[in-house]
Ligand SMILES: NC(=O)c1ccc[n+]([C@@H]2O[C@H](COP(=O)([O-])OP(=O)(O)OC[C@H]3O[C@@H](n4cnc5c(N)ncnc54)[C@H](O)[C@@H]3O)[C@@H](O)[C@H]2O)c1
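Just the one chain here, the form predicted alone, laid out as structure tokens.
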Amino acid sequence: MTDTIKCAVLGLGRLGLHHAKSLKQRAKHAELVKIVDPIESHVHQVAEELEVPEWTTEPDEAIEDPSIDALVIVTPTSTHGDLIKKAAKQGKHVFVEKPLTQTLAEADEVIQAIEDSGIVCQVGFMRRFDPAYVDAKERIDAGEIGEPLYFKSITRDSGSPPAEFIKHSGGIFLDCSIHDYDIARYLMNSEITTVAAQGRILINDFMKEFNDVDQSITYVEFASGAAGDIEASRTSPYGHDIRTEVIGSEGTVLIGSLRQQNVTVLNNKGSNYEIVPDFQTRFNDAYFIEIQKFVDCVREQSAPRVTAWDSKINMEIALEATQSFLAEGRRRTVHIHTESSL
């Protein structure tokens, strides 16, 4: 077991910066030794603020650095496949934000490279590490609600990303609902076998250009015989809202709350409380825990909770949902011929 894992973070957007801070300030047995971002002024500034000894604008410098054990990849999705394959060739362990790649064919190439090299590769589906979801998973597995029968989930963002992001996002099913597909498989302990999806543009007309929508619903069926529905929205006017329910034969488990803090103000105008503003705030703990678990997996050479196989399965579900939406909600079969870490 390696005592300290020397890490580099590739990509310093909002989430990449969050991971860099976790590795530098909180993670045990991890050392952040290099950061990478294409904007020189930004990466230089972050290096000074976090006191990271080395920085560069070139990802290959981190990938080929023999002193680095692991890479945290938070770059555009179009770059994931190439970077992971290069990392695998150099024997570098990888944490990569979802999705694994842009296509299933490229995912197969990446998975083969991971398996050939023997590296640890964990994909960033953070809900599996969120304390509330972890608690719910343990209760479901312990039989507290009996047999899971129905899954309900909502992911509502307070506003739409800009057009340039939507253009490259892959659409609402791949960008947003993929998190719900993953946690549905995990909590229900069963693979999704069929999907039927619909969506509409309610506010953001610019999405028409990209065949995307700002409101969607996916009906899913599981191999176990269970079913579910998954809502995704980019039109929530009141804040960020992620909640999940699993209905069982003997009870129900509810996960998530709108509250940012457990404080309610009462006055002559009524009552109110502060709502979670964004996904970084809602999953702040989960983002740290998943990075810590990645470091632990690298040290112990153990399988991560979310594998590249899981990411490919989630991608296939999302792509089939997209095709269902484009076919006006026609039911689609998900052909799962992979391993998973359910």
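Position 1 is the first residue in the sequence shown; the rest follow in order. Values in this document were obtained by computation on a predicted structure and should not be read as measured data.
The form predicted together with the named molecule exists for this protein as well; it is not shown, and the discussion that follows is about that form.
Within 4.5 Å of some heavy atom of the named molecule in the model of the complex lies at least one heavy atom of G124. Shown alone here, P304 lies farther than 4.5 Å from the named molecule in the model of the complex, counting heavy atoms only. In the model of the complex, the named molecule sits within 4.5 Å of a heavy atom of F165. Within this chain, G118 is remote from the site of the named molecule in the model of the complex, having no heavy atom within 4.5 Å. Just one of R128, K92, K98, R185 comes within 4.5 Å of the named molecule in the model of the complex, counting any heavy atom, and that one is K98. From the list 171 to 179, 141 to 149, 194 to 202, 211 to 219, the contact stretch for the named molecule in the model of the complex under a 4.5 Å heavy atom rule is 171 to 179.
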